[in-house]
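First, one chain by itself in structure tokens, the form predicted on its own.
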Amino acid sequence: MNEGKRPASFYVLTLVFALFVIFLYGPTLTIGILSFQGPEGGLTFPMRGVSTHWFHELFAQQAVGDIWGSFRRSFVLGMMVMTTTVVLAVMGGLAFRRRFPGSTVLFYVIIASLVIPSILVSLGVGLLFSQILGWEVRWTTSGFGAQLTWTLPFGLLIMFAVFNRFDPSYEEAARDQGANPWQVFRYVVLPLIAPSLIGVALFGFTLSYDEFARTLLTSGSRNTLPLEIYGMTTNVTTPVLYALGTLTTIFSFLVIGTFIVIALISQKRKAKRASDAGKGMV
């Protein structure tokens, strides 16, 4: 009679999960609510009216800071890091499919950057560019390199997992049909790993877009968006700061949603190709 009754542990775990979601998204929701304060509103509760006044102020005020310039820099830097991470992760995944001398040591050297404190990486990269190489510290050079130390290990770990499950018989079948190495990669390997590449790209862009510590000492005189927002916390005392946070959060969700849609389309095309291939064999 109790077959359909849920155990007590189910309700306990549900409560824990609900508390986790509140803890995870509570601050973001709070900022979103406070960004709709009235013209007389402040940075704390209780709210004084409800309006979109501070969003208008964000777009109208040029004295707030270099908001749109920093946004453009973060977006461009994110695209640079994303593209480089995808290319190098695929190359690294292909290279590690076969054992070679020093592969184990190289693997741990790559992963080690994940456990090194980010501020030390930022300091080291900044010193490398400015003191040792004699180059100017800029967000397009030293900032780009510092962020790669953060995104590339994640991309490589994903590709290692993908290629560990990859069935080499597909490549062998293509070679048996006379395909050269490039054709095997272009028409066999790449379509099969495409959904994973979208995941690597998402990691690369989002980790770069909101990275603070590794960019702090490597961006030079031009701030990225996280650095600009941090600077605003010391001199902006109106909900315009919350309006900016709300817009950047919406943009982040739009980026994630775009990648999810691309992944779903890629999976549908992959399933369709597999179905067409099966019909052709029949």
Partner chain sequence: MTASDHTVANGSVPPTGGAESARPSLARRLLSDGFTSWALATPVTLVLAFFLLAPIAMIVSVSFWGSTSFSIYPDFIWDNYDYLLGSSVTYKVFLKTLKFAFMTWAITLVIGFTVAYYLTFHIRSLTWQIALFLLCTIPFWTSNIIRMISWIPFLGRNGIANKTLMDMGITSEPLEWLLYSEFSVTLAFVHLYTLFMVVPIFNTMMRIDKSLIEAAYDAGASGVQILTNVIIPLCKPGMMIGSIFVVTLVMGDFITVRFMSGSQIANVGRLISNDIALLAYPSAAATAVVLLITVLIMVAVMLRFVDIRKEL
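Numbering follows the first chain given and starts at 1. None of these values were measured; they are calculated from a predicted model.
In what follows, reference is made to the form predicted together with its partner chain, a form of this protein that is not presented.
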*Report yes if any heavy atom of residue 9 sits within 4.5 Å of a heavy atom of its partner chain in the model of the complex; otherwise report no.*
yes
*Using heavy atoms and a 4.5 Å limit, would one call residue 39 a contact residue for its partner chain in the model of the complex?*
no
*asked:* Against its partner chain in the model of the complex, would residue 174 count as a contact residue? Criterion: heavy atoms within 4.5 Å.
replied: no
*Looking at the partner-bound form in the model of the complex, is residue 58 within 4.5 Å of its partner chain by any heavy atom?*
no
*Kindly confirm or deny that 50, 72 and 79 each have some heavy atom within 4.5 angstroms of its partner chain in the model of the complex.*
no
_Contacts with its partner chain in the model of the complex, stretch 141-156 (heavy atom within 4.5 Å)_ = 141, 142, 145, 146, 148, 149, 150, 152, 154, 156
